[in-house]
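Below sits a lone chain in structure tokens, taken as the form predicted alone.
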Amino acid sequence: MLIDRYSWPQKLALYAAMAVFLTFILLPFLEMFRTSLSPMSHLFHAPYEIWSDKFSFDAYFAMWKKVPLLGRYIWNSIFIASAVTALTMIFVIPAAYAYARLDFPLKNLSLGVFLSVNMFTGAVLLIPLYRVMNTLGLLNTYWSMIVPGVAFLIPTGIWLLRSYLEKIPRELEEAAFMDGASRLYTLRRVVLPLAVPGIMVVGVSVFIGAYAQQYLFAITFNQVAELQPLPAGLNQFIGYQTVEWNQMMAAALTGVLPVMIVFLFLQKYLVAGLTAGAIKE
């Protein structure tokens, strides 16, 4: 194994760095969980208590009464992110293959232009996007949140998948061409099976990006409560004078749980995709 190449001091330093990194990654989620268990009267208790005998799961039951459409919001978030991911990958896979294997005029320039789209945040383009959604009649529909998400995530997906496809040996495709296979057949039967780990990594990255972009597009392009995703639905825990922080954190963790379960089932492909090409032959 690669870790066996390091001495014990190097291993100790490596594990210490990993522990610090994981602490910063997991600490916000642990604090969210602690907040969801705390009564409102203890959220700002001094001194800070890591654990208390007042902790309970009452917020996980109360949040459904506070926001009756919470289940619908969670479903909408998963549906919108899944639709954005599926549509994005439909465009990303052939485009990334073209940029990885084909030579055409302005190839690098066009890719740079695509990536420049990501330099602009959604907030900068809200007014033009609103006019486009209004002209197309997509306001107050799922499409008003799906279409902008796809448009913003395609360039990143092309860039990531292109790098992975370039690592696949060209000799495999050339052998298929010599046997009379077409470009499309070679992509479908030779390249895609080898690119599954990379496609999974890009798909997960796109899904996370689609989940994170939902709030801005939802509150701007959609006024139908039944179509709102979870990030927008969490606003209902904010009252005129108080904020139900414990219920909000409980709802946020409940909404993230299905996604985490999916990631657990896909972790084999994610690890394979992230480590592909990391070790030289």
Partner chain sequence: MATLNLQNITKSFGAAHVLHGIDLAIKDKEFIVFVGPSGCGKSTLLRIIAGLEAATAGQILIDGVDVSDAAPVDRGISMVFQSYALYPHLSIYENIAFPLRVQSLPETEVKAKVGKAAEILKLTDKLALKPGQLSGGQRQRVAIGRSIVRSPKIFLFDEPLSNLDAALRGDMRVELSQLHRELSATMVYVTHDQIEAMTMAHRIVVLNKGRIEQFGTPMELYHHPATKFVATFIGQPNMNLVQASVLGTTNGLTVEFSGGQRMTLPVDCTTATVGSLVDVGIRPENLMLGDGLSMTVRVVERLGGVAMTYGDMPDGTRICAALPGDTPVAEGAVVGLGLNVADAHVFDASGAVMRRLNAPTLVV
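The structure displayed is predicted, hence computed values, not measured ones. Numbering follows the first chain given and starts at 1.
One more form of this protein exists, namely the form predicted together with the partner chain; it is left out here, but the text below deals with it.
K.L.:
Only one of 135-143, 67-75, 80-88, 187-195 gets a heavy atom within 4.5 Å of the partner chain in the model of the complex; which is it?
P.N.:
It is 187-195 that comes within 4.5 Å of the partner.
K.L.:
Consider Leu111 of the chain shown here, and say whether it contacts the partner chain in the model of the complex, taking contact as heavy atoms within 4.5 Å.
P.N.:
No, Leu111 sits far enough from the partner chain in the model of the complex that none of its heavy atoms falls within 4.5 Å.
K.L.:
Should Ala176 be counted as a contact of the partner chain in the model of the complex, where contact means heavy atoms within 4.5 Å?
P.N.:
Ala176 belongs to the contact set for the partner chain.
K.L.:
Is Leu115 part of the interface with the partner chain in the model of the complex - any heavy atom within 4.5 Å?
P.N.:
Answer no; every heavy atom of Leu115 is more than 4.5 Å from the partner chain in the model of the complex.
K.L.:
Which residues from 147-172 come close to the partner chain in the model of the complex, meaning a heavy atom within 4.5 Å?
P.N.:
Residues within 4.5 Å: Glu171, Leu172.
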